[in-house]
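Just one chain follows, in the form predicted on its own, and it is written as structure tokens.
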């Protein structure tokens, strides 16, 4: 399938490792120029080199913390100046802080709302005018199956913020549809990649993880970064022209949501 992404400009947050890096690489292979950011300079520079090798015509990388409210605007402005346009935004940055709801503090909520939600909304607001100039675009939020359904005890911070991403994407999609800007969310299940939490758990407790897979993953395996990345590439392309306001799971039927 021809994705028609060649020559487009794409921004991916948190692209130095894991799912974010995989998405950026997949977009690079389709001929997109890339703007990427992450907090650690070394891994970010390595990712930028890999993107160039993968076929990205241009790569703009900036070390920054997306929770810094003053950092987003100059980053997006510099990215557009470097790439010449912005057609695709992938809000990938996120994290978790596991504890019981009663133990959560205002600081916990401020930190996770900023990391998982507000930083993505900020980048989206800045991207919309640039996409308007380009005649349309695609914004994708990387949520979680635990944004679509209850994740269980200790996950109130993660669940609430990931659910909010899905809700925001839906409303944005309704508001921006007439301008050709599509907005969707992707809900990965348990994705294993080198250095990730599932990879660490498998190495630390192979028997326990074998039991987890048997009980929770119908396909009998973890998902891969590439499987999530391929979905995001499709959603970012004109081939997904009718898909907006959707939350699509990439979970191998791990999730239990009926919608």
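Numbering follows the first chain given and starts at 1. Predicted model, so just to flag it, every value in this text is computed and none were measured.
Separately, the form predicted together with a small molecule exists; it is not shown, and the next lines address it.
> Exactly one stretch in 193-201, 211-219, 24-32, 52-60 has heavy atoms within 4.5 Å of the small molecule in the predicted complex; which is it?
Replying inline: Of the options given, it is 193-201.
>> Considering non-hydrogen atoms and a 4.5 Å limit, does the small molecule approach residue 182 in the predicted complex?
In response: Outside the cut-off, so no.
> Hey, in the predicted complex, does residue 11 get a heavy atom within 4.5 angstroms of the small molecule?
Replying inline: So residue 11 does not count as contacting the small molecule.
> So in the predicted complex, does residue 232 come within 4.5 Å of the small molecule, heavy atom to heavy atom?
Replying inline: Taking the distances in the predicted complex, the answer for residue 232 is no, it never comes within 4.5 Å of the small molecule.
> Hey, in the predicted complex, does residue 158 get a heavy atom within 4.5 angstroms of the small molecule?
Replying inline: Heavy-atom contact with the small molecule at 4.5 Å: present for residue 158.
> Within 4.5 Å of the small molecule in the predicted complex, do 125, 173 and 249 each have at least one heavy atom?
Replying inline: No, because 125, 173 and 249 lack any heavy atom that approaches the small molecule to within 4.5 Å in the predicted complex.
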